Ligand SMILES: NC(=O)c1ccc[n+]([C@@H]2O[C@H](COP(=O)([O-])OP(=O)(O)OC[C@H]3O[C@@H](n4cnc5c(N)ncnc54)[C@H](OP(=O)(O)O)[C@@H]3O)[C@@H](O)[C@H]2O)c1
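Below, in C-alpha coordinates: the form predicted on its own, a single chain.
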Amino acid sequence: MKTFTLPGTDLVVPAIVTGVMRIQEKSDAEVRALFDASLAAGITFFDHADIYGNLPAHGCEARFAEALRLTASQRAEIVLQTKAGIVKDGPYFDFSYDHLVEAVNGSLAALGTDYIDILLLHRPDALVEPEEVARAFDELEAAGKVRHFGVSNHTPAQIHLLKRYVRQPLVANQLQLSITHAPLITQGLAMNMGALDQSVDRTIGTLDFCRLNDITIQAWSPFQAGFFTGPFLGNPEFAELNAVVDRLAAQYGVPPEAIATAWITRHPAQMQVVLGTTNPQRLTAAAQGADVVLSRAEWYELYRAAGHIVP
(Lines give C-alpha, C1' and ligand atoms only; values in the text may rest on other atoms or scores of the structure.)
Protein backbone atom coordinates (compact mmCIF):
# COMPACT_ATOMS: atom_id res chain seq x y z
CA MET A 1 0.00 0.00 0.00
CA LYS A 2 1.33 3.42 -0.98
CA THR A 3 1.86 5.60 2.10
CA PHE A 4 3.07 9.13 2.75
CA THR A 5 3.48 11.56 5.60
CA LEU A 6 0.38 13.72 5.72
CA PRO A 7 1.60 17.31 5.34
CA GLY A 8 1.23 19.32 8.52
CA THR A 9 1.29 16.18 10.68
CA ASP A 10 3.60 13.39 11.79
CA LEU A 11 1.10 10.79 10.56
CA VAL A 12 2.19 8.25 7.95
CA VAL A 13 -1.04 7.52 6.14
CA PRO A 14 -2.18 5.13 3.39
CA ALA A 15 -3.40 6.37 0.01
CA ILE A 16 -6.68 4.52 0.63
CA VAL A 17 -9.08 5.24 3.49
CA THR A 18 -11.91 3.05 4.74
CA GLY A 19 -15.08 5.10 5.14
CA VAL A 20 -17.53 3.61 7.63
CA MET A 21 -20.68 5.63 7.04
CA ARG A 22 -22.73 2.52 6.23
CA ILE A 23 -21.89 0.18 9.12
CA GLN A 24 -24.77 1.05 11.47
CA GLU A 25 -26.80 -2.05 10.64
CA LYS A 26 -23.84 -4.39 10.23
CA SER A 27 -23.21 -7.18 12.70
CA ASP A 28 -20.08 -7.35 14.85
CA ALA A 29 -18.71 -10.02 12.53
CA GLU A 30 -19.35 -7.90 9.45
CA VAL A 31 -17.68 -4.84 10.95
CA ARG A 32 -14.70 -6.94 12.01
CA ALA A 33 -14.44 -8.45 8.54
CA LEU A 34 -14.30 -4.98 7.00
CA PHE A 35 -11.72 -3.86 9.56
CA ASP A 36 -9.58 -6.97 9.05
CA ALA A 37 -9.75 -6.64 5.26
CA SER A 38 -8.66 -3.01 5.61
CA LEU A 39 -5.62 -3.90 7.69
CA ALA A 40 -4.74 -6.77 5.36
CA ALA A 41 -4.78 -4.32 2.43
CA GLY A 42 -2.58 -1.85 4.31
CA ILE A 43 -5.42 0.54 5.20
CA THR A 44 -4.93 1.87 8.72
CA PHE A 45 -7.06 5.01 8.29
CA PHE A 46 -10.79 5.07 9.10
CA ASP A 47 -13.13 7.93 8.24
CA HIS A 48 -16.13 8.71 10.45
CA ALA A 49 -18.60 11.55 10.99
CA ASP A 50 -20.86 12.28 13.91
CA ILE A 51 -23.95 12.15 11.66
CA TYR A 52 -23.21 8.77 10.09
CA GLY A 53 -25.79 6.18 11.09
CA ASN A 54 -29.49 6.14 11.83
CA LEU A 55 -29.23 7.79 15.24
CA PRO A 56 -29.34 11.57 15.67
CA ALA A 57 -25.56 11.46 16.09
CA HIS A 58 -22.62 9.07 16.55
CA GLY A 59 -24.39 5.90 15.40
CA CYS A 60 -21.64 4.49 13.21
CA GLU A 61 -18.90 5.64 15.57
CA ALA A 62 -20.51 3.67 18.39
CA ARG A 63 -21.06 0.62 16.16
CA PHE A 64 -17.37 0.70 15.14
CA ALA A 65 -16.22 0.75 18.77
CA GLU A 66 -18.73 -1.85 19.98
CA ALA A 67 -17.88 -4.31 17.23
CA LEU A 68 -14.10 -3.98 17.40
CA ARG A 69 -13.36 -3.29 21.08
CA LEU A 70 -9.83 -2.20 20.23
CA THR A 71 -7.08 -2.39 22.83
CA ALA A 72 -4.99 0.70 23.52
CA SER A 73 -2.17 -0.69 21.39
CA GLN A 74 -4.53 -1.49 18.51
CA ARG A 75 -6.00 2.02 18.70
CA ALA A 76 -2.51 3.53 18.51
CA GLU A 77 -1.83 1.70 15.24
CA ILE A 78 -4.71 3.29 13.31
CA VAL A 79 -5.78 6.79 12.33
CA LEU A 80 -9.30 7.80 13.33
CA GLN A 81 -10.76 10.76 11.49
CA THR A 82 -14.19 12.15 12.19
CA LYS A 83 -16.26 15.11 11.03
CA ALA A 84 -18.56 17.57 12.75
CA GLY A 85 -20.73 20.53 11.83
CA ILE A 86 -23.86 18.99 10.31
CA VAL A 87 -26.99 18.74 12.47
CA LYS A 88 -29.44 16.27 10.93
CA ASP A 89 -32.70 17.81 12.11
CA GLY A 90 -31.59 21.43 11.98
CA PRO A 91 -30.22 23.97 12.12
CA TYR A 92 -28.36 21.86 9.55
CA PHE A 93 -24.92 23.44 9.87
CA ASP A 94 -23.32 24.59 13.10
CA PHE A 95 -19.68 25.59 13.52
CA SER A 96 -20.28 27.30 16.86
CA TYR A 97 -17.84 26.70 19.69
CA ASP A 98 -20.46 24.93 21.77
CA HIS A 99 -21.52 22.57 19.00
CA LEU A 100 -18.01 21.61 17.89
CA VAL A 101 -16.86 20.85 21.43
CA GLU A 102 -20.04 18.89 22.16
CA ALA A 103 -19.71 16.95 18.90
CA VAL A 104 -16.10 15.97 19.59
CA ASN A 105 -16.91 14.89 23.13
CA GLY A 106 -19.72 12.77 21.71
CA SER A 107 -17.40 11.22 19.14
CA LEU A 108 -14.78 10.42 21.76
CA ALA A 109 -17.38 8.71 23.93
CA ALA A 110 -18.89 6.79 21.02
CA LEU A 111 -15.53 5.67 19.66
CA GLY A 112 -14.23 4.76 23.11
CA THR A 113 -11.00 6.69 22.62
CA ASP A 114 -9.20 9.55 24.32
CA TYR A 115 -8.29 11.37 21.11
CA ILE A 116 -9.26 11.96 17.51
CA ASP A 117 -6.35 12.01 15.08
CA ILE A 118 -8.06 14.35 12.59
CA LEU A 119 -11.24 16.41 12.92
CA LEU A 120 -12.83 17.82 9.75
CA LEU A 121 -15.47 20.52 9.50
CA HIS A 122 -18.01 18.54 7.51
CA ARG A 123 -19.74 21.09 5.23
CA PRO A 124 -19.48 24.87 5.19
CA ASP A 125 -21.64 26.77 7.66
CA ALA A 126 -22.93 29.99 6.07
CA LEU A 127 -23.16 31.47 9.59
CA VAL A 128 -19.60 30.51 10.52
CA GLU A 129 -17.85 32.74 13.01
CA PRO A 130 -14.23 31.73 12.51
CA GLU A 131 -13.23 33.10 15.90
CA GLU A 132 -15.51 30.45 17.47
CA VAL A 133 -13.97 27.71 15.34
CA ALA A 134 -10.50 28.85 16.42
CA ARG A 135 -11.55 28.85 20.07
CA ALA A 136 -12.94 25.33 19.77
CA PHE A 137 -9.85 24.04 17.95
CA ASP A 138 -7.51 25.58 20.55
CA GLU A 139 -9.43 24.04 23.43
CA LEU A 140 -9.71 20.61 21.80
CA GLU A 141 -6.02 20.57 20.93
CA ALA A 142 -4.90 21.79 24.37
CA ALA A 143 -6.99 19.08 26.03
CA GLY A 144 -5.39 16.43 23.80
CA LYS A 145 -8.77 15.51 22.35
CA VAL A 146 -7.93 16.35 18.72
CA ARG A 147 -4.45 16.21 17.22
CA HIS A 148 -5.02 17.64 13.74
CA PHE A 149 -7.71 19.58 11.92
CA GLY A 150 -9.09 19.98 8.42
CA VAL A 151 -12.22 20.64 6.38
CA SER A 152 -14.55 18.91 3.97
CA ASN A 153 -16.31 20.33 0.90
CA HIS A 154 -14.74 23.78 1.42
CA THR A 155 -13.73 26.39 -1.15
CA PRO A 156 -10.40 28.24 -1.11
CA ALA A 157 -12.02 31.43 0.19
CA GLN A 158 -13.78 29.55 2.98
CA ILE A 159 -10.46 28.01 3.97
CA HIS A 160 -8.74 31.40 3.82
CA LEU A 161 -11.35 32.82 6.16
CA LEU A 162 -10.77 30.04 8.68
CA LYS A 163 -6.99 30.30 8.39
CA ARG A 164 -7.16 34.00 9.31
CA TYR A 165 -8.19 32.92 12.81
CA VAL A 166 -7.31 29.23 13.18
CA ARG A 167 -3.64 28.77 14.07
CA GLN A 168 -3.48 25.01 13.45
CA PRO A 169 -2.69 23.78 9.91
CA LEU A 170 -5.76 22.63 8.00
CA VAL A 171 -4.35 19.37 6.73
CA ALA A 172 -7.15 17.91 4.59
CA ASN A 173 -10.11 18.87 2.42
CA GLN A 174 -12.49 15.99 1.67
CA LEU A 175 -14.08 16.49 -1.77
CA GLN A 176 -16.08 14.43 -4.25
CA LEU A 177 -13.94 13.09 -7.09
CA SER A 178 -14.13 10.22 -9.56
CA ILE A 179 -13.11 9.72 -13.18
CA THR A 180 -16.57 10.82 -14.31
CA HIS A 181 -17.22 13.44 -11.62
CA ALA A 182 -14.02 15.43 -11.91
CA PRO A 183 -14.65 19.18 -12.16
CA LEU A 184 -11.75 19.65 -9.74
CA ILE A 185 -9.51 18.57 -12.62
CA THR A 186 -11.42 19.04 -15.85
CA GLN A 187 -11.98 22.80 -15.73
CA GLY A 188 -8.29 23.55 -15.66
CA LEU A 189 -7.75 21.59 -18.85
CA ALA A 190 -10.45 23.56 -20.68
CA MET A 191 -9.13 27.00 -19.77
CA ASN A 192 -9.99 29.63 -22.43
CA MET A 193 -12.37 27.27 -24.23
CA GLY A 194 -15.36 29.50 -23.55
CA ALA A 195 -17.80 27.55 -25.70
CA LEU A 196 -17.43 24.47 -23.49
CA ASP A 197 -19.38 23.94 -20.29
CA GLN A 198 -16.25 22.20 -19.02
CA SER A 199 -14.44 25.55 -19.05
CA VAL A 200 -16.80 27.02 -16.44
CA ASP A 201 -14.93 27.22 -13.14
CA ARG A 202 -17.24 25.69 -10.53
CA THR A 203 -14.44 24.68 -8.16
CA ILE A 204 -12.76 28.09 -7.87
CA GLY A 205 -9.31 26.59 -8.24
CA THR A 206 -9.69 24.30 -5.23
CA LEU A 207 -7.30 21.62 -6.48
CA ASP A 208 -4.39 23.98 -7.08
CA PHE A 209 -5.16 25.91 -3.90
CA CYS A 210 -4.91 22.71 -1.84
CA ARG A 211 -1.64 21.76 -3.52
CA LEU A 212 -0.17 25.20 -2.90
CA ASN A 213 -1.16 25.09 0.76
CA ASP A 214 -0.19 21.49 1.62
CA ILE A 215 -3.82 20.47 2.12
CA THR A 216 -4.38 16.83 1.23
CA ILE A 217 -7.44 16.17 -0.89
CA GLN A 218 -9.43 13.16 0.25
CA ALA A 219 -11.58 11.95 -2.65
CA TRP A 220 -15.00 10.66 -1.63
CA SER A 221 -17.38 8.65 -3.86
CA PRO A 222 -14.57 7.50 -6.19
CA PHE A 223 -16.94 5.22 -8.13
CA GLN A 224 -19.96 7.55 -8.38
CA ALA A 225 -20.84 8.68 -11.90
CA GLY A 226 -22.11 12.02 -10.59
CA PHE A 227 -23.53 13.44 -7.39
CA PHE A 228 -25.01 10.23 -5.92
CA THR A 229 -26.25 9.08 -9.33
CA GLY A 230 -24.90 5.54 -9.09
CA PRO A 231 -21.57 3.96 -10.03
CA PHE A 232 -19.98 4.21 -13.45
CA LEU A 233 -18.27 0.82 -13.21
CA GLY A 234 -20.33 -1.71 -15.17
CA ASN A 235 -22.79 1.00 -16.15
CA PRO A 236 -23.84 0.70 -19.83
CA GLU A 237 -24.12 4.49 -20.01
CA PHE A 238 -20.33 4.56 -19.70
CA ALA A 239 -19.55 1.74 -22.13
CA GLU A 240 -16.48 3.41 -23.65
CA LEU A 241 -14.99 4.15 -20.24
CA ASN A 242 -15.66 0.65 -18.95
CA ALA A 243 -14.00 -0.86 -22.02
CA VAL A 244 -10.82 1.08 -21.21
CA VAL A 245 -11.09 0.24 -17.51
CA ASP A 246 -11.50 -3.46 -18.25
CA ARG A 247 -8.57 -3.50 -20.69
CA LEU A 248 -6.26 -1.78 -18.22
CA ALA A 249 -7.47 -4.03 -15.40
CA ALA A 250 -6.50 -7.08 -17.46
CA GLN A 251 -3.19 -5.47 -18.39
CA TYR A 252 -2.24 -4.75 -14.78
CA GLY A 253 -3.80 -7.93 -13.38
CA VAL A 254 -6.15 -6.09 -11.01
CA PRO A 255 -9.93 -5.72 -10.67
CA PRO A 256 -11.69 -2.80 -12.41
CA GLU A 257 -12.19 -1.06 -9.05
CA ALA A 258 -8.42 -0.77 -8.77
CA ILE A 259 -8.16 1.14 -12.05
CA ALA A 260 -10.80 3.62 -10.88
CA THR A 261 -8.80 4.12 -7.69
CA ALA A 262 -5.48 4.29 -9.52
CA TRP A 263 -6.75 7.15 -11.70
CA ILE A 264 -7.05 9.27 -8.55
CA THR A 265 -3.89 8.14 -6.77
CA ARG A 266 -1.86 8.71 -9.96
CA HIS A 267 -2.46 12.45 -9.67
CA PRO A 268 0.64 14.25 -8.34
CA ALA A 269 -1.44 16.09 -5.73
CA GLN A 270 -0.95 12.91 -3.65
CA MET A 271 -4.61 12.45 -2.78
CA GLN A 272 -6.25 9.89 -0.55
CA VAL A 273 -9.24 7.89 -1.76
CA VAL A 274 -12.10 7.33 0.69
CA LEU A 275 -13.93 4.06 0.02
CA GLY A 276 -17.52 3.79 1.17
CA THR A 277 -18.06 0.09 0.56
CA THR A 278 -18.89 -2.33 3.38
CA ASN A 279 -17.97 -5.31 1.20
CA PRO A 280 -14.52 -6.61 2.23
CA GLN A 281 -13.90 -8.13 -1.21
CA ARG A 282 -14.68 -4.89 -3.02
CA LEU A 283 -12.55 -2.94 -0.57
CA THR A 284 -9.64 -5.30 -1.21
CA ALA A 285 -10.14 -4.93 -4.95
CA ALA A 286 -10.20 -1.13 -4.86
CA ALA A 287 -7.22 -0.90 -2.51
CA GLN A 288 -5.00 -2.57 -5.11
CA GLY A 289 -5.20 0.60 -7.16
CA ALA A 290 -2.85 2.41 -4.79
CA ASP A 291 0.00 0.30 -6.13
CA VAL A 292 -0.89 0.73 -9.82
CA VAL A 293 0.94 3.63 -11.45
CA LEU A 294 -0.85 4.52 -14.67
CA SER A 295 1.17 6.04 -17.48
CA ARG A 296 0.28 9.53 -18.62
CA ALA A 297 -1.20 8.06 -21.80
CA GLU A 298 -3.36 5.66 -19.81
CA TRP A 299 -4.51 8.37 -17.39
CA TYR A 300 -5.56 10.66 -20.25
CA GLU A 301 -7.19 7.79 -22.12
CA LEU A 302 -9.44 7.17 -19.12
CA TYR A 303 -10.09 10.90 -18.85
CA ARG A 304 -11.22 11.15 -22.46
CA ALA A 305 -13.21 7.91 -22.32
CA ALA A 306 -15.18 9.45 -19.44
CA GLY A 307 -16.30 12.18 -21.82
CA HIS A 308 -13.98 14.97 -20.76
CA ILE A 309 -12.48 17.21 -23.44
CA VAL A 310 -8.75 17.49 -24.07
CA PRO A 311 -8.06 20.65 -26.15
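Owing to the predicted nature of the structure, the values given are computational and were not obtained by experimental measurement. In this text, residue numbers run from 1 along the sequence as written.
Beyond the structure shown, there is the form predicted together with the ligand, which is absent from this document and is the topic of what follows.
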| item | value |
| --- | --- |
| Heavy atom within 4.5 Å of the ligand in the predicted bound form - the one residue of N242, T284, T44, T277 that qualifies | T277 |
| Option from 94 to 102, 219 to 227, 154 to 162, 202 to 210 whose residues, in the predicted bound form, bring a heavy atom within 4.5 Å of the ligand | 219 to 227 |
| 4.5 angstroms heavy atom contact with the ligand in the predicted bound form for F35 | no |
| Touches the ligand in the predicted bound form: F64 (any heavy atom, 4.5 Å) | no |
| Contact of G19 with the ligand in the predicted bound form (heavy atom, 4.5 Å) | yes |
| 4.5 Å heavy atom contact, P130 and the ligand in the predicted bound form | no |
| All of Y52, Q174 and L233 within 4.5 Å of the ligand in the predicted bound form, heavy atom check | yes |
| Contact set, 106 to 141 vs the ligand in the predicted bound form - heavy atom within 4.5 angstroms | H122, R123 |
